[in-house]
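Consider the single chain below, provided in structure tokens and representing the form predicted on its own.
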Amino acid sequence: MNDIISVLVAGLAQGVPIFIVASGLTLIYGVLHVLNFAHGGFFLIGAFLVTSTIQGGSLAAFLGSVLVAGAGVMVVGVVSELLVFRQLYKAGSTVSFLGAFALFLALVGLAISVWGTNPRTVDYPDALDGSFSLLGARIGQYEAAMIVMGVFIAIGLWVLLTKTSLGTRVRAVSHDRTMASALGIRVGRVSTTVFAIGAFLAGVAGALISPVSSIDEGLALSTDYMLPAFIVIIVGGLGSVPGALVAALALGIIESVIFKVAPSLSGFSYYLVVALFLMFRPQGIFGSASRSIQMAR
């Protein structure tokens, strides 16, 4: 029983940052129909920003640094959308991919020029540097906090997209940009706003993993976070935020189980799962042919 609880908690904690990154990716794709390969650069900058902004070891200082990192990456995202992606929306998928990849390289280069190539680390917040007992299993306080933060972010996204006027406009633009424009929705503004939200989520995710990962340029294409995030949006369904949540948590738990029973196979579960979905259900768990923003199915 102890092992089961430990594996589940570790899997959920591993899945949360993947979900946060993937939710930003799927939001951007659902509205802009562009697979933002540069998302890894936003994630990397978010992680580095924490190392420069955190002051002290208190929980408040850490959370403040997480928000600052998210806001800083959001600014980078808005500039990227206006200067790069807005020129690519009608250029076709190949040109859009190449533009996103070029931006990715530029963001990684920017991070290296500002923070260097030496790995950096961030200490756990004092209040979360420890563990507690849950039904006999030892659970890391930061792991538990990560899960709680994931719940709040998931609820926040649900409220934003289903209970606000912005969410209504976002879903309208994702379904039919031309019709939304004809109805008076400012499509360009909605696109920039969604890109800003996606970049903010990437920055927050990068900041949240800073105490548990070595921070260097390799994070931009990390096999622990970024590559699984792209797999998650395929498995969950392009444009489906609930799909990203379910897929990220499920894959996190599967990976945690495999790491426990067969450590040598750790990391392969992501590729096996995505291969099976591409063969038997290419639209993903909650995906649809329209690939517009989905909050419920």
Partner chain sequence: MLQRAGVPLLAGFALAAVLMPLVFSGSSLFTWTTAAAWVLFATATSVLFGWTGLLSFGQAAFFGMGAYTMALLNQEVPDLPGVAMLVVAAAVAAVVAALFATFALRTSGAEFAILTLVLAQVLWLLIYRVPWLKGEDGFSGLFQIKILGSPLTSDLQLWYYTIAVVAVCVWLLWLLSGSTLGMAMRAVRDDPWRAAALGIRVRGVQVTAYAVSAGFAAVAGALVAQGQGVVSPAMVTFAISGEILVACLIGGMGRFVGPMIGAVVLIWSQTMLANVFHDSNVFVGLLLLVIVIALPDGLVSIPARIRGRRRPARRATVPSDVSVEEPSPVSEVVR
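Worth saying up front: this structure is predicted, and the values here are computed from it rather than measured. Just so we're on the same page, rigid core means the largest C-alpha set that superposes within 1.5 Å between forms. Positions refer to the first chain, counted from 1.
The next section is about a form of this same protein that is not shown, the form predicted in complex with its partner chain.
Checking A127, L166, V159, L98 against its partner chain in the model of the complex, a heavy atom within 4.5 Å turns up for just one residue: L98.
Contact with its partner chain in the model of the complex, defined as a heavy atom within 4.5 Å, holds for exactly one of V148, I155, V75, L83, namely L83. When contacts are judged by a 4.5 Å heavy atom cut-off, A71 does not count as touching its partner chain in the model of the complex. Heavy atoms of F104 reach within 4.5 Å of its partner chain in the model of the complex, making it an interface residue. When its partner chain is considered in the model of the complex, I112 lines it closely, a heavy atom lying within 4.5 Å. In the model of the complex, its partner chain lies within 4.5 Å of some heavy atom of I231. Within 4.5 angstroms of its partner chain in the model of the complex, the stretch 142-169 places no non-hydrogen atom at all. Residue displacement note: I258 has its CA displaced by at least 2 Å between this form and the one not shown (rigid core superposed).
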